[in-house]
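Next up: just one chain, as structure tokens, the form predicted on its own.
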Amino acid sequence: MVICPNILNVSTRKLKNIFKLNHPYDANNIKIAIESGKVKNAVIVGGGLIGLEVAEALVKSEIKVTIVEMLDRLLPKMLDREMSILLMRNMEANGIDVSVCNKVLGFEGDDQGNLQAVVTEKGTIDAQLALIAVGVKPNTKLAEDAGLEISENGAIKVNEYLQTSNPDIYAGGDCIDNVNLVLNRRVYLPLGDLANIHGRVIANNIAGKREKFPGVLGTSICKVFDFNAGAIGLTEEMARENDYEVVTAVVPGPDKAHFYPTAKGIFIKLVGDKKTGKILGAQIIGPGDVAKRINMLSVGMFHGITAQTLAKMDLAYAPPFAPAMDNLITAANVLQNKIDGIAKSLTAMEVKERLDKKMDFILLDVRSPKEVESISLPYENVVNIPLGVLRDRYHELPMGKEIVIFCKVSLRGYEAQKILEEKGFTNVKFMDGGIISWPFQCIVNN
């Protein structure tokens, strides 16, 4: 493996403690730099999986860490923006500075070659250590020298048996491309678990047991402090770019029965195709059990599972392991309700866009007064009418305006939508995921 071409316009060869994370020696030299006690500030260039995992390790070594990402979010290939912001908020709470929509321009050092700062479009950041984690590309030189065909993804092209253009030569791991099972086209996806599966398929074929490698879903997961982040299939952004009629659902909840003492929260985002009902992708983040749900989706999506089928899956239940209706089933029900036109919602991003444009609409908070006192949204168009009295006070709301309803997780928001529609309101929606999933500014009263 080799790091992607250097995006920086200044040579780094003359400065110490700048590492590209593409060789085991880098890890050893990073350790030596940290143990010297001279590294107080570090900059990680790139907000992908490796960058985030290294960031946590540096923080635990009492080093101030800044992550600089050129795109508008961390884990841009895994998470849509609202899910990434929730992760970023947790990282910032753990002491990491995150600078997105920012590009590294170069490095500064002293006359002895010691790194002193990283220069970005948004300013200069003190740093005695810099790690370049901007992704990888396949090293195909050996294959090219052997005359093998290279795909448009820049990887070695293989067939379903993992044979190269020379049928006597097989290839696997991070140097090849794979068929994406959702898009049904070839993609470059370097993941360690796939490399191991490739190895077995190749070995079986060499041994005479003809075996196909079916393709990939891009199942990925990482741990950053107390947050787990997993993803599979397409993000909403990817699905729209590929002309799907996209429906999404963001559903927060505890990963175990809510009364169980070890229950922890997770946020699930499902991405579905309105025409077929198929699950196109999912993102799950939070301190709770993410891995088993991502893996369940991997099995389901391999077989083309729909929201309707997922909502009826016979999943194991006991309070120490899951809610009586698992988070995936709840999310699938929400997605199916949207596909059927029963549930009408806006994403957090769509609500924020309306607020930024100063559009004339009502944000209806149907939580109890005690909940509102604890945490609230800082906008002038917020109106609080608890769900329990909405049938008596609905006349306080203007019939002609758009009304966007929210509560803690938007279950009551959905109920309020149905109540207001029954009363004759025609432009009513709830905010996906409720206030607990709102990734922007809130007023929190401890």
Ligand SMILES: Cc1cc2nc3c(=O)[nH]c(=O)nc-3n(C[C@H](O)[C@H](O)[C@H](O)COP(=O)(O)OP(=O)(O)OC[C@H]3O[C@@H](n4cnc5c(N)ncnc54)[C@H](O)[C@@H]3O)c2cc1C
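All values reported here derive from a predicted model rather than from experimental measurement. Counting begins at 1, following the sequence as shown.
Keep in mind the form predicted together with this ligand is missing from the figure; the text below concerns it.
For this ligand in the model of the complex, the listed stretch (296-304, 153-161, 88-96, 166-174) containing residues with heavy atoms inside 4.5 Å is 166-174.
Scanning 356, 226, 245, 193 against this ligand in the model of the complex with a 4.5 Å heavy atom cut-off leaves one residue, 193. None of 206, 318, 291, 142 but one reaches within 4.5 angstroms of this ligand in the model of the complex through a heavy atom, and that residue is 142. In the model of the complex, this ligand stays beyond 4.5 Å of every heavy atom belonging to residue 385.
Using a 4.5 Å cutoff between non-hydrogen atoms, residue 21 counts as a contact of this ligand in the model of the complex. This ligand is not drawn, but in the model of the complex it has a heavy atom within 4.5 Å of residue 50.
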